[in-house]
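Considered here are two forms of the same protein chain, supplied as structure tokens in two stand-alone entries, structure 1 and structure 2.
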Structure 1
């Protein structure tokens, strides 16, 4: 299906008169944590494609399994526990690979395939991520996995950027040769295949820059820099962080940075995002965002010490469910006035983000900025609370499809990377984000003590629901 989708896109571009001869370099992004299994002999087929036929017609028989495991597959819990036990526990694995064992991560998916279908595994000559699979189509040979997407596998040692022999051994035999050596994310992995030169008119010298995951590509598309944070305020809320010195924990993920091999990016996901905001809006603000905003405008920063936790579905970061409200004296109460409730929701969501980002090593720097995207980023009053809680200005950008734009930026960077040009230099002429909210004077003093209280109360709720930490 993926191969045929590429055929359709390229044929439409060709029919529309797109001038492929102008393309100097290309890169791309694939959904993270998916994997593709190339059957023995696939490399010969890739290297000898006929320009008279579409790709999917020629590659039909090149895969040892026809359905690829993707990020939605959570059937590998047994393999996760096995991997963590091999390296000394969940925290040890996180320190090594940037994340504790996750069911969707590729190493655990490979382990399951090997255990349940050893014949298919033995007939596999190469295992690609979705990103390196797509790059392989353009290269006409197996593309290496890049550091950034590779660090979402529970297999790559994020400090020295080589495969962990302990993790490989825990998953399947001969795995290193099936994965190939990982490469820096800005690497030019080769020139485009003659198939694309002959069928579509790409120039023979067109460079293929290593493809990466959709999340790292989004970091590139939003042009984050050191100390920056991107907040996607969607159905779920997602944070992307640029980190210099990460501290991997049991929550969130640390990936190698896709545009700076010396640094890292972190990703945190909060399941109770806009769905929770919309629910409270419907319950208390007559389903009106303008009424919701009035509540934020009429209540003071810090909400007179009232704090709230709102998790109608089991939260990921941390694992809490339910609504919990606390007065300024830390007494749990059953309800707040409607306007206090709305501010408690928004302040609580952003305090949780700051606390858990700092847990991964994030620190606000003098030049730090927040880039806000997603539906709720259109609400100026919500962004004002975000700026106040973090104590840093919030910007918005018109960039839609940031992973796609990031792939184009990365292709451009790949062309220049041989001269060690920093990514920020390559994209300096791109349109700048717009300032949406600056911190209110005195905000950092208001929230300093509240953040400590919020973290303490979060631990109290966790202890009540699952007992003291082991």
Structure 2
């Protein structure tokens, strides 16, 4: 499906008259953590593709499993506990790799594949992330994994940027040779393969800059500066920050920074993002975003004290499942009027982001701005709630698809000079973000008390579901 998607995009571009000969460098991004298993012999096929055929027609037989694990998979709890036990516990693993063991992280997914399908694993010559997989198609050979997306695997030592032998050994045998050596995110990994030169007319010297994860690419696309917060409202909701010094904890992730090899980024991922908003929209707002917005416009900031938690699938941050609604008196109630429900959903999602970002040590400063991106950042009423809950102005860029823009900037950076010229210098003429929502006067007072209640109720639900903290 992914290979065919690339075929379709390139064929459409060709049909529209796009001049591929002008492309001097390219890069790209893929959803983080997902993995692709190349079968033995795939590299020969990749290196000898016929320009007369589409990629998916030639690569059908190149994969040792046909369904790639993606970031939404949460079936690897047993492998997570094994990995943590091997390296001395969850905090030790976090100090080493930037995160405690998470089910979607690729090392744990690989461990599960090895345990459940050792034959497929042994027939695998190379394991790619979604990002390095896409880069491999353009290169006509296996592309290395970049440090930033590689940090989402529970395998990379984020300080010295090499695979952890202890983690590799805990996941599966011969794993290092199947992963290849990781590279700095701004590396040029090679020139485009002759397939693309002959079929589409790319110039033969067109450089392929290492592909990275969608969130790291978004950080590049938004030209995030230290002190800013990026909030991505895509399929998942994520919140990320630029960091100089990593302080890995038991919640959230530290990744190597995709544009500055000395620095890092912190990330929180919320699984019940747009899909949860869509579900409530379909149930209560006639499947219409404009009806959904009417509910946000007709209800007051703070929702008269009503608070809600909406996690139809097991949430990542924190580990809660189910819908939980509370009245202003903290009594659990079974339903809210439709418009109160919609506000409770959006306010709850943003209060969780603020509380958990503060748990990572983040503090909103007077100069702080939020940069919003992803599909739901088109919705001004949702962004208004974001500005009010954080007490911070929210900015957007001209395209909500910042991962895509970030990939273009990264290609430009690779073309310009790789690591010698700072990324900020290369993109300094890019358009500045625009103000989309400013906090409503009085918002901070309304949310100060509510945030404390939200945190207290979140703890209450956690205690009810998994017992008191140890």
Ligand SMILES: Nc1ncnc2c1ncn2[C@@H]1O[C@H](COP(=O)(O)OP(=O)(O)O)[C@@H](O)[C@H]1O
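Residue numbers count along the first chain shown, from 1. Heads up, when I say rigid core I mean the largest set of C-alphas that superpose within 1.5 Å between the two forms. Because the structure is a prediction, the values reported are computed rather than measured.
As for origin, structure 1 is the form predicted on its own and structure 2 is not.
If you fit the rigid core between structures 1 and 2, you'll see the Cα of residue 176 move by less than 2 angstroms.
Once both forms are fitted on their core, a CA shift of 2 Å or more is seen for residue 234 between structures 1 and 2. Core-superposed comparison between structures 1 and 2: the C-alpha position of residue 13 differs by less than 2 Å. For residue 310, the displacement of the CA atom between structures 1 and 2, after superposition on the rigid core, amounts to 10.6 Å.
For residue 392, the displacement of the CA atom between structures 1 and 2, after superposition on the rigid core, amounts to 7.8 Å.
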